[in-house]
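Just the one chain here, the form predicted alone, laid out as structure tokens.
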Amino acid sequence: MAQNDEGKEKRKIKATGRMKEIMTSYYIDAKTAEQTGKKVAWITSGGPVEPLIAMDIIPVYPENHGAMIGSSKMGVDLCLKAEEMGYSSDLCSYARSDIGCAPVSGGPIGGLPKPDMLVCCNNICGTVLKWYEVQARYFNIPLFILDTPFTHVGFSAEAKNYVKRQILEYIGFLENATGKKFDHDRMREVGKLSLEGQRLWQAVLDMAVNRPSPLSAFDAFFHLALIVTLRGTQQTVDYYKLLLDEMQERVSQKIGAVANEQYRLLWDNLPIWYRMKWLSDKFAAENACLVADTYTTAWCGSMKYIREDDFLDTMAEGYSRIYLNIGVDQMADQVIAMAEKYAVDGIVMHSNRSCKPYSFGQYDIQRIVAEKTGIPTLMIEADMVDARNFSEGQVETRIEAFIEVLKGKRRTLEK
């Protein structure tokens, strides 16, 4: 084996195999739920999954499925299917691929399991409201909508009480859907496991403060799946303990995600799923490692608002004050804090045609970051699933020009 191949093999994360096993088993359970007597709920990625786990309802995420569709390069065909059904190409590609997938059982796993109910939380965007209404009509099933007010300038007592009342309505909805009473003791256990899983996930991400970073944002995009899908389970806690141990071992052995890490970068927005390997290889070839990102940290942000001894009562604030539901100034503050924490040389922003809440404020954030830190920023225009909105030549040229800016800045500092 060539030395270069040996290095690549050494840098592979061993826990990946275990992650694939867990996710395969999870989808099998969801696909066979009708035979085993379990209920399936489709839920938005920012929605409160813990009550579902406490009620033994299998949560399924159309957005996760959208990421799988994008990674499998099936996004264009399924988006076109939705457009043929009358949906605009300007709509979110997660929504289009999911809507286009449902009638044909398409996608990399032959479609998602039929839901018994839908749970939609608008803390991530407004599109999910109509998207889930469409699917509720298509499958003829009940839909629960959790409405979180914008928290652009804080979170008032009135807003907190408004969301808390809806949490109680959510529990009632689940009781009606399952025909059984909500188990508050079980909910307390799930809440503790949820917070423990979030703490472990953040600890994994924090390993990237080391030089070289033992993992990249591209690794984080993959290993994020459990904290989204099975948050609140012992399985998730056990997996992130395993992954954290491996990251600590890599740090001690100075095994980096990128062979010759020279430039440390921060990624903003969702991944470009169908070009993950290309982008990873492109940055690595320039000795640049994307050491952190705003996307995968979003599932840890609620920790500071939720109390372990009273999860159910405090989750209203935790689920309202997530990254996509705060103001641009707060977003910029978080980006700057991450840039300092991970000691990055530059920031890569994915101006995502699909995700408007994530993308609309990016130019303001770019300006604020430049004024306060002087850190260079690269803006890449693309889409997370629909490859028709990606120009390889344009992105490649911008990355190369950006690296030259970083090199020039470093030369200036070294003089």
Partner chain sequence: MKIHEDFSKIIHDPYGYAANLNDEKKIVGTVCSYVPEEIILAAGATPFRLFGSFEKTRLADAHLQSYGCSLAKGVLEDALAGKLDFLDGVVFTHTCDTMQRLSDIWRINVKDIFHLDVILPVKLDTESARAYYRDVLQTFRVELAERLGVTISDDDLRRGIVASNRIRRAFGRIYDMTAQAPGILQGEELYMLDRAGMMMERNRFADLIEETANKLSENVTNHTGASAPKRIFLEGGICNYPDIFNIIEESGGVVAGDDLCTGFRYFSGLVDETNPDPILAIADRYIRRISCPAKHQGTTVRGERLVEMARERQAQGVVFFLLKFCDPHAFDYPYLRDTLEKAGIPVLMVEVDDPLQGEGQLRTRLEAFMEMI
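Positions refer to the first chain, counted from 1. Here the structure is a predicted model, which means the values were calculated and not measured.
Keep in mind that the form predicted together with the partner chain is missing from the display, and what follows is about it.
Task: 4.5 Å heavy atom contact with the partner chain in the model of the complex for all of P108, R275 and A284 - done: No, the whole trio is out of contact, none within 4.5 Å by any heavy atom.
- [ ] Report the stretch among 159-167, 288-296, 187-195, 218-226 that approaches the partner chain in the model of the complex to within 4.5 Å, counting heavy atoms only.
- [x] Single hit among the candidates: 159-167.
- [ ] Report the residue, out of K341, K73, K114, K130, that has at least one non-hydrogen atom within 4.5 angstroms of the partner chain in the model of the complex.
- [x] Contact residue from the list: K130.
Open item on the list: in the model of the complex, is there a heavy atom of the partner chain that lies within 4.5 Å of any heavy atom of L242, even though the partner is absent here?
Closed with: Output for L242 is no: heavy atoms all beyond 4.5 Å of the partner chain.
Open item on the list: Just checking whether Y87 would be counted as a contact of the partner chain in the model of the complex - the rule being heavy atoms within 4.5 angstroms.
Closed with: So Y87 counts as contacting the partner chain.
- [ ] Give a yes/no on whether Y363 approaches the partner chain to within 4.5 Å in the model of the complex, heavy atoms considered.
- [x] It does: once the partner chain is placed as it appears in the model of the complex, Y363 has a heavy atom within 4.5 Å of it.
- [ ] Decide whether A259 counts as a contact residue for the partner chain in the model of the complex under a heavy atom distance cut-off of 4.5 Å.
- [x] Because no heavy atom of A259 falls inside 4.5 Å of the partner chain in the model of the complex, the answer is no.
- [ ] Could you run down 318-342 and flag each residue that has a heavy atom within 4.5 Å of the partner chain in the model of the complex?
- [x] Contacts from 318-342: L324, I326, G327, V328, D329, M331.
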